[in-house]
Ligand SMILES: Cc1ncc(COP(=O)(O)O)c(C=O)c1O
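The form predicted alone is given below as one chain in structure tokens.
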Amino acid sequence: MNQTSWQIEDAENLYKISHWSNGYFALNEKGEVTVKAQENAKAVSLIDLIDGMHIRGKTMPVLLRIQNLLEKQIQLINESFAKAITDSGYQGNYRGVFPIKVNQQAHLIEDIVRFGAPYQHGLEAGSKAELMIALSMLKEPGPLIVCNGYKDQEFVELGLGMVKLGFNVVFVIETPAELPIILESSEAMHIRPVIGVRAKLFANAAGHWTSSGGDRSMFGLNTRQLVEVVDKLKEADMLDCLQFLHYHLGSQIPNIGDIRKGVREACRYYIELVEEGAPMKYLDLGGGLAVDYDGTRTSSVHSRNYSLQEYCVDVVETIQLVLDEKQIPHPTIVTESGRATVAYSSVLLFDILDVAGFADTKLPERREDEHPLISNLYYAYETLNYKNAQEVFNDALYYRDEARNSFIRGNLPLRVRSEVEQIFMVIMKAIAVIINDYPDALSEPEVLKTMLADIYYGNFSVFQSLPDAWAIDQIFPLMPIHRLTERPNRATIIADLTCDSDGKIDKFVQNGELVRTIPLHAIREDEPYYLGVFLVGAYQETLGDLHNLLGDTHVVSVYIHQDGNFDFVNEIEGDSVSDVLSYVEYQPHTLLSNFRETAEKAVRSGRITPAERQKLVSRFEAGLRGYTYYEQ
């Protein structure tokens, strides 16, 4: 297909935006990525949003939060469970809770509480700090506050205080050591709390977090410990407080079969607790509702082989089927879906600053006294055809490696090695042209694509904004957000601003397969080129670190109206250099004072003038106030 025949549909087919976007993102006729939360709403271009940010003084990179998508996901999760419950005749209810650890940012939690209020959508806290967030954010009784994690006396007493105020706080026992604290604090404060237990299921799930389930999982009670908790509650005359069963198979469960197995086993625990005399009311499935990051709709670790509605139906019907056999009343179903709630609502936007590639590599001029390695490579190049492409590829690799080894041993001059590398790359480019027409001419075409890939330097930090891409090889959808009426003809990998070899993105999904390069457009001089990384709302802000002291990006929250107009509802300045220095225990004013003293010594010694000193000090001060990322 030539450049002139490239269509928007080809861009859609290449980047598979409709497969992973849940219907929220699409392409317009100008070749720009658009967003909308409602089917009948007008789509808004991300380029228009960037223009609005620039007017407001925000430069790249920016984390864009789209409030509508968060609102829609909360609505979908609650209404999908409501539909499954109604359609099956299930006699219980559904209550969602958001695990604060997935994204603790204050404005996002505020939005979750606000958008979740019509559904009594609650919060889950796994630490004392997260509990204090939950206690301060939820203003009215009704939603659940599920207390997981290791709990000390202060943690328990904070929660019990909210029980006195009428709030629905549940204390989930994760380890046997927590029970005495809960019992003693409850007696001292004259409160009968709702107590839950986390069961350590035998079932586990595939994916990155498979160790969250199974009998070797870190948290939860095994069968012996569960029986001991029941007996101790009976001894304390508090078995009536045990009303809540919780389990967690792990985040991002790709296979619906694993989810069903977990629910079935949890129901057996629930039945046994009821038969022990506990007035059980809640069954909490924990997290696990997956996001289809790669758009393949399969059971791969980056995808899921089920829809949201199928998930809800399978959960409801499995509980109903197992409990009906024992004529046990249906519990309120609780899920702690964090990833599926917030992932869609955040997009990392950044520009490309520079390119390193081999587009202009040319053959060097031949000489009568040329090195034999050069002669051999020229012969390989001149005899190359589609029939011997694999042989030439192998020979070229051999000669290039010979040149490198000879150089290391001191037997090859730098200029000769440079010419060898030039001819090698010209051969590789020629083979790449051949395999476009004859794909089977090379056994491992991906190796060649990686070898020829341009490096696009992005204005961001993988470690700060996409830590899972580095730490666990998480795949995030990445694509240009404009120029999609043009064919992207450069095979690329993405490097960030850090001086770390791991600061890159070189794993992508294309046509359901993992590849090492992504097609992007050639960079035009004096024209910005923007990329978007999508589905980054879960964990990335919380896990990000200060690699190379690149701090938090600007954060811009927008709310998009049905008519396509949008409001910038919140803007958070990214970290300044001064901010990140203070995080690692430097005092910016001390640094400035030290620099002033150093510059003054230079004035006294005559190396600079007082005027030059003032310029240097002003630049230092401006640098402390500046953004940690590249500023145009």
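All residue numbers are counted from 1 along the displayed sequence. Since this is a predicted model, take the numbers as computed values, not measurements.
The next section is about a form of this same protein that is not shown, the form predicted together with the ligand.
Judged by heavy atoms within 4.5 Å of the ligand in the predicted complex, the contact stretch among the candidates 234-242, 282-290, 458-466, 346-354 is 282-290. By the criterion of a heavy atom within 4.5 Å, residue 73 is excluded from the residues contacting the ligand in the predicted complex.
In the predicted complex, residue 540 stays away from the ligand, with no heavy atom inside 4.5 Å.
The ligand is not drawn, but in the predicted complex it has a heavy atom within 4.5 Å of residue 101. Residue 248 belongs to the set of residues with a heavy atom inside 4.5 Å of the ligand in the predicted complex.
Checking 338, 477, 480, 143 for any heavy atom within 4.5 Å of the ligand in the predicted complex turns up a single hit: 338. Listed residues 198, 302, 95, 151 were compared with the ligand in the predicted complex; 198 is the one with a heavy atom within 4.5 Å.
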